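Heads up, the chain below is alone and in the form predicted alone; it's given as structure tokens.
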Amino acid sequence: MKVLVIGTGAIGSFYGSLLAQADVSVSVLARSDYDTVQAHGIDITSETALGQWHFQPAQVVAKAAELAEKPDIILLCIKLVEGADRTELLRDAIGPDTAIVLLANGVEIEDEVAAAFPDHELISGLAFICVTRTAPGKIWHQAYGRLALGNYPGGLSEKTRALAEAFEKAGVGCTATADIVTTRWQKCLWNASFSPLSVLSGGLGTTDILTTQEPLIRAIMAEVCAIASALGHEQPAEIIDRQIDGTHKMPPYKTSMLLDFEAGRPMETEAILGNTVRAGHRAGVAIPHLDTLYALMKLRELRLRSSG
């Protein structure tokens, strides 16, 4: 299996490096940190039993046209922010039988890529992990790491099963599901609450947010559940308790949205929150907390643009 990882941030570097440990040939398309990754590879430090390791990709390219051969699978690991042109990044990397994996946050994020490449298998993926890129070529893994993969809009192919098995071989729990959209809504419960609140609070981590505002977190999650249910993606009755309990057990963690905010980078507001709100309106669900969070985040973004 030959895999190309597009994006050498925290997610792409971490999961690409683990696939390489499972005897998969992994190349990377690096953008802002191309020089560092090309010269030195990527170093990962994990606070878990995984420990520390070095990842030297099979090939490092700045443009897909430079690839020696087309991959069997592309892991597209870029954040869905303003200006992110996924179609352009993929176009020169795809061969006749290449499958595309979207490993990203948010809901209703697949249709653009599905429309651009209708003849290619599309796999939607989710990472349940605390991991951060601390510098070019430097990754810090704090906790968790489970993956979920499934074909979009539904089903399970042999290539998806094979990729899940490769991750399992690498020591990553990976669930192959025929209903990845329902799982994507499950992850949205956490992202749509903690990510914007971390920014709007002025930089608080997950522990501080949860210990002081658990009723608010639960109310936001309940609205996301209501949207998912209205769209036919019913969530387990215990899902909110499970996510709250899991967050209590996490180490203090700055969300990736907060890190982007603090660095002055574009945030995933639309993929995580905007798409959720629009889906709620389309389904006719009352979502006052989500509406308010989204409005406040758009004001925060406006302030950032005006001060930049």
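Remember, it's a predicted structure, so these values are computed and weren't measured experimentally. Just count from 1 along the sequence shown to find any residue number. Rigid core (definition): largest C-alpha set, two forms, superposition within 1.5 Å.
Although it is not shown, the form predicted together with a further copy of the same chain is what the next lines describe.
Engineer: For P236, is any heavy atom within 4.5 Å of a further copy of the same chain in the model of the complex, or not?
Structural biologist: Residue-level check for P236: no, no contact with a further copy of the same chain.
Engineer: According to a 4.5 angstroms non-hydrogen atom cut-off, is S229 in contact with a further copy of the same chain in the model of the complex?
Structural biologist: Because no heavy atom of S229 falls inside 4.5 Å of a further copy of the same chain in the model of the complex, the answer is no.
Engineer: Would you please decide whether I209 lies within 4.5 angstroms of a further copy of the same chain in the model of the complex, comparing each non-hydrogen atom pair?
Structural biologist: Taking the distances in the model of the complex, the answer for I209 is yes, it comes within 4.5 Å of a further copy of the same chain.
Engineer: Using a 4.5 angstroms cut-off on non-hydrogen atoms, would G284 count as touching a further copy of the same chain in the model of the complex?
Structural biologist: Flag for G284 set to no.
Engineer: In the model of the complex, which of 93-101, 198-206, 124-132, 180-188 comes within 4.5 Å of a further copy of the same chain (heavy atoms)?
Structural biologist: Checking each option against the 4.5 Å cut-off leaves 198-206.
Engineer: Since exactly one of S157, T175, Q142, Q213 fits, which has a heavy atom within 4.5 Å of a further copy of the same chain in the model of the complex?
Structural biologist: None of the other options qualify; the answer is Q213.
Engineer: With both forms fitted on the core, give yes or no for whether the Cα of K254 moves by 2 angstroms or more between this form and the one not shown.
Structural biologist: After core superposition, the displacement of the K254 C-alpha between this form and the one not shown reaches the 2 Å mark, so yes.
Engineer: Return yes or no for P118: a CA shift of at least 2 Å between this form and the one not shown, with the rigid core superposed?
Structural biologist: For P118, whose C-alpha is compared between this form and the one not shown after core superposition, the shift is less than 2 Å.
Engineer: Is there a C-alpha shift of 2 Å or more at E214 between this form and the one not shown once the rigid core is superposed?
Structural biologist: Result for E214: yes, a 2 Å-plus shift.
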